[in-house]
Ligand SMILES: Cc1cc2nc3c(=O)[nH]c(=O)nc-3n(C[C@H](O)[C@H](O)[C@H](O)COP(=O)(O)OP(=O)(O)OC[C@H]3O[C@@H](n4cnc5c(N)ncnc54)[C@H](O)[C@@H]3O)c2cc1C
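Below, in structure tokens: the form predicted on its own, a single chain.
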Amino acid sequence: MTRVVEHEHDHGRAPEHEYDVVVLGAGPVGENVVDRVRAAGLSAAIVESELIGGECSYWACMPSKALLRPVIARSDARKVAGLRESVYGPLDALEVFAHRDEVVGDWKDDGQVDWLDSIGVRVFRGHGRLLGPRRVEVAGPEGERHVLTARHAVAVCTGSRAVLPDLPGITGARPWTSREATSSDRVPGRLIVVGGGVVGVEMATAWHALGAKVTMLVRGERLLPRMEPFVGEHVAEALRARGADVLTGVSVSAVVRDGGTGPVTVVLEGGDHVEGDQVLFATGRAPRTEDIGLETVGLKPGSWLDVDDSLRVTGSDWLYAVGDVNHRALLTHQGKYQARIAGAAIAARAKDAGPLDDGSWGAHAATADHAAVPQVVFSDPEAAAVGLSLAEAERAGYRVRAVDLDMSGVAGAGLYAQGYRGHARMVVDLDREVVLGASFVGPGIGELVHSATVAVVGEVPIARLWHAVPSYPTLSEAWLRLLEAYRG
């Protein structure tokens, strides 16, 4: 293992520390980078200004799913004969919040710190900024300063933040972003959700079930616009059936809230308005790169960072950008995948192990970012997809065929829920006869997407998939029905 060299200088200068690798940002992406480089025998330090574990652990993936799990479980139970009569009461919001707080460790990161210590990673608390090539300055919470030098690599893993649109009155209205929506311990009587993407849909689902009257305001013509059109249609129909208002094709022009308290009014272009007790803006994200010293290495502060498939920043031989900051796939699991690739590439280059295995699907190439990004939206019904949609495949120049399936015809669906409604689509490359993408919407389909991911990543021929027999009677029988429809 490489020895850590630390130099502490007198005369008022910041202590200087030397490591093989320095990581900015200790969310799940940064944690995975240091885990991989430590496993390869390199020394590492990690810098974090907030909680170790990052956005996903405390304000995104984990708390949102803790809020949504009882919502979806109750909904599924209401579709089961002999059980539905027992679950028609309201959710116990306080118990849901208590479980959410337990899941996020009451917003304390002691366990994460202990894990980093156990693998020999030095944690520096404070704000980290680049000081030029391979150097990072850390301004600590008590005014202390440290300078870190990286022998081999600095990895920027600072993630992204929610963006509020530049609208009249929005600052004084004190709107929710995703952070407040996942951490609030009070149910607003009326919640306005601006945005129809994943965060908007999931939080509308959760807070409506917890007792809020939800109104969604969506600029586009459908929910979940990055997925196949039928997915958003199913989700919107279900939200409306449960009493939520979903307005599409509308744009917000202003927000009004006197004194930052009391009701909030969202003004729409054209003059109409919607009144609520709270408003959530789920309208996009920006990279957290505005104050990390990018200008000291010739890069633009606040920008997304362009990288190659080994996650190394374009034009650099030492700087890596991993996770949301590179804008390749803003998903925690994809960022962790990139971190494993980047850690392996950093270690290989540090050891001068010869040419990298950076060809398509190689050990040092994040190929899945281009061809096989899986995602589950924990809406009710669930939505999931991987790979290319039909429109994306056609735009990419593939000769393709889409095979569609009404999931109600799958034997396992009828057992999963009475009156099951759902839809599946498989996109096939006709020249190679492999699956380019798959999309699903319906109760319980989140667990189907990994089988689709294996098919896409493995480029498994349709003729071989025919021999992958789904257990009967499960939702996975959807694969057999899709293949039957394709073969005719």
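Note that the coordinates shown come from a computational prediction; the quantities given were computed from them, not determined experimentally. Each residue number is its position in the shown sequence, starting from 1.
Keep in mind that the form predicted together with the named molecule is not shown, yet the notes after this line are about it.
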Of the options Gly197, Gly276, Pro175, Gly159, which one has a non-hydrogen atom that comes within 4.5 Å of the named molecule in the predicted complex? Gly159
The listed residue (Glu50, Glu433, Asp35, Glu447) that reaches within 4.5 Å of the named molecule in the predicted complex by any heavy atom is Glu50
Please determine whether Cys61 contacts the named molecule in the predicted complex, using a 4.5 Å cut-off between heavy atoms. yes
Is there a non-hydrogen atom of Thr215 within 4.5 angstroms of a non-hydrogen atom of the named molecule in the predicted complex? no
Taking heavy atoms only, is Leu42 within 4.5 angstroms of the named molecule in the predicted complex? no
Hey, in the predicted complex, is Val22 touching the named molecule, heavy atoms inside 4.5 Å? no
Choose from 384-392, 216-224, 361-369, 119-127 the stretch whose residues reach within 4.5 Å of the named molecule in the predicted complex, heavy atoms counted. 119-127
If you apply a 4.5 angstroms heavy atom cut-off, which residues in 22-56 are near the named molecule in the predicted complex? Leu24, Gly25, Ala26, Gly27, Pro28, Val29, Gly30, Val47, Glu48, Ser49, Glu50, Leu51, Gly54, Glu55, Cys56
